[in-house]
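Only one chain is given next, in structure tokens, and it is the form predicted on its own.
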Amino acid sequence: MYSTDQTQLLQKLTSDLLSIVKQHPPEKRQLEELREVLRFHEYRYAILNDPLISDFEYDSLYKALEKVETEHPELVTPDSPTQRVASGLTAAFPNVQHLVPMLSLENSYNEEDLADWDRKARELTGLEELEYCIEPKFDGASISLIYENDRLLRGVTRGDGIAGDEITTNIRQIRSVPLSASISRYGLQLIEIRGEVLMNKQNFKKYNDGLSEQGLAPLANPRNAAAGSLRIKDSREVSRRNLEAFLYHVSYYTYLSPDTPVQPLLKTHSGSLQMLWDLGFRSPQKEKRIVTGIQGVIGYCREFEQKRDDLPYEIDGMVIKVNSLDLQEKMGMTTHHPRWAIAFKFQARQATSILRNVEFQVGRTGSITPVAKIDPVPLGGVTVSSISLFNADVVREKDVRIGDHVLIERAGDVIPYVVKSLSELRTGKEEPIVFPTLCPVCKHPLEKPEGEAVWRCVNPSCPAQVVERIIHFASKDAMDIRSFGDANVKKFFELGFLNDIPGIYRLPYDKIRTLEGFGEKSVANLQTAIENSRHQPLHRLIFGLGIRYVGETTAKTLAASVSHLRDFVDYSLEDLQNLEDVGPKVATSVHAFFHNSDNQHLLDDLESLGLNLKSLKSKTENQGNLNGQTFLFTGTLTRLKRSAAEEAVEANGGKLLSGVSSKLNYLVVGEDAGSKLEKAKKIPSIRVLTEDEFIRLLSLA
């Protein structure tokens, strides 16, 4: 639709207009330029899915146009971006129309915007003070669900706001979306519910770890992971991604009978959230807050922003809604957004920068990772200057070059990610990224195994690999040696105090005490942490050994299948593949590891140093244990850490499930238990335990 020349001109005009709107509103003569720029970026975002600017920059331009058009309604044109919803859909799934349009939300970025919106809302309603309902603005993929006669009828993506893609089969794979809901008990025959599909941070990390183990580029962020998952044609793959859904808005409903009285819960937005929660949906019932007046709104938004990164899922702001549904109807909506709601957006997590150089780092398995060095830029509360480019294929596919302007993103605790290069802004001085042929550390020739995307240094004695293997071994999810971070490992290696993994247990503490920054207390803490790690359960040791393709879950499977780690020397490839979730690739890697003489010597050395190479399996099978029993935890535990409780279940032969189903035996409930408890109550075979009851059960195991 736009030629290269047009694209470059419009991007230059974008920069000019952004500079203008930062200082003052655009002039009337600039309105058409502003509209054209917004149409261009709308096309890049909604049609091509290839934006050239961040959401914050787009919103800044949009609000500037909206402000001038509000002040001069005679200048509004029918084709202005403020007068319509962005259009453009893929044809991969059947297209269906929403019962009620899914409009966008008006955005605000500061307290002044919120105060101004509150003023307008009070003017529209004629009230001096309004009651608001505040909830998180989930950063996922929007969906619309229809239930009729208590059953899920269909699920649809947002699409262009008027119609979307029908994805019911994939929606059914999301465990937090009930296949049936007793809406009839509220006198309802049909209901349309809006919500957001998410991949939580933990599942996103696990999924990306799996991609990395296969030599594939990780997904950019949980939002993209969720949106992309909904359009996968293989519903089994959708199920494997462990998506979740928050449902937060009732947009339409019909009663079983015209004589049915209006449900009290459907008179307020907060009441509708309560109803959804009671029906078994995961609504933001626990996260919402009802306040009177805009100052309470501002206070809660700031409070929630502080704990943003501690949440298990991504949010990018808060949504404020007038609580009374009668007042919502009175206030109405524009063609773009409802007047009774606004989004308060948190600090932007996208930015643009310039790629200045690329360094090549060596991982513990010899993988060579290109790392982009960019002009430092503040992003999501930190200053970003280094970003992984993953592998040569990613560099080639994204066509990233030294000197490029790049769009980068950082979501929560996810590593910064190069979304793309802005090739339209190239001057001709940019240089291609050239991969080395020799290891940048040990100078050994690099190899690229067939079927993999990653170049590797295959020299196992490469110093960089040795250091990374030690760091992984000591990490939190492996042997959990606290006070032994990356910096200390590298420092001890450089000083010759540490040459391999067993060397951790032979550290010269007398020499360490002489180093600057290592007082008696810090050395004692390090020594205690190392001593404690000798007794870690076998699955942590297996994961810490860094066997390729073996993640935390596979390590637990392997640990549960043997009495002693050396038993794997007698396992054939067929024996390994008979284990749960162990395929040919994992089996080949495990088999090769345990049949390598150097690795066998490593295990002997670790056992001689007092590390535990025995499984708890034989110990627990002869006790009053939890064999064959399944567990799930919900809410916040106060006496145990969640990870410790889960490990205790597995150590006693029990299994962990990811969701409530008829296969679940015990649901352990902590404080602020969520929708899992409500679902469990509907299945008589599930026994609900408090944390104290769970601890007593463990004492009997």
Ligand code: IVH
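Keep in mind the model is a prediction, meaning the values are calculated, not measured. Position 1 is the first residue in the sequence shown; the rest follow in order.
In what follows, reference is made to the form predicted together with this ligand, a form of this protein that is not presented.
Screening Arg282, Lys137, Arg349, Arg540 for any heavy atom within 4.5 Å of this ligand in the model of the complex leaves a single hit, Lys137. Listed residues Asn625, Ser104, Thr630, Thr365 were compared with this ligand in the model of the complex; Ser104 is the one with a heavy atom within 4.5 Å. Put simply, Arg456 is far from this ligand in the model of the complex: not one heavy atom of it is within 4.5 Å. Heavy atoms of Lys321 reach within 4.5 Å of this ligand in the model of the complex, making it an interface residue. Residue contact with this ligand in the model of the complex: His249 places a heavy atom within 4.5 Å of it. Although the partner is absent here, Phe390 lies well away from this ligand in the model of the complex, with no heavy atom inside 4.5 Å. Here the chain stands alone, but in the model of the complex its contact with this ligand, taken as any heavy atom within 4.5 Å, falls in 138-146 among 594-602, 481-489, 424-432, 138-146. Residues are counted as partner-facing when one of their heavy atoms sits within 4.5 Å of this ligand in the model of the complex; in 176-200 only Glu196 qualifies.
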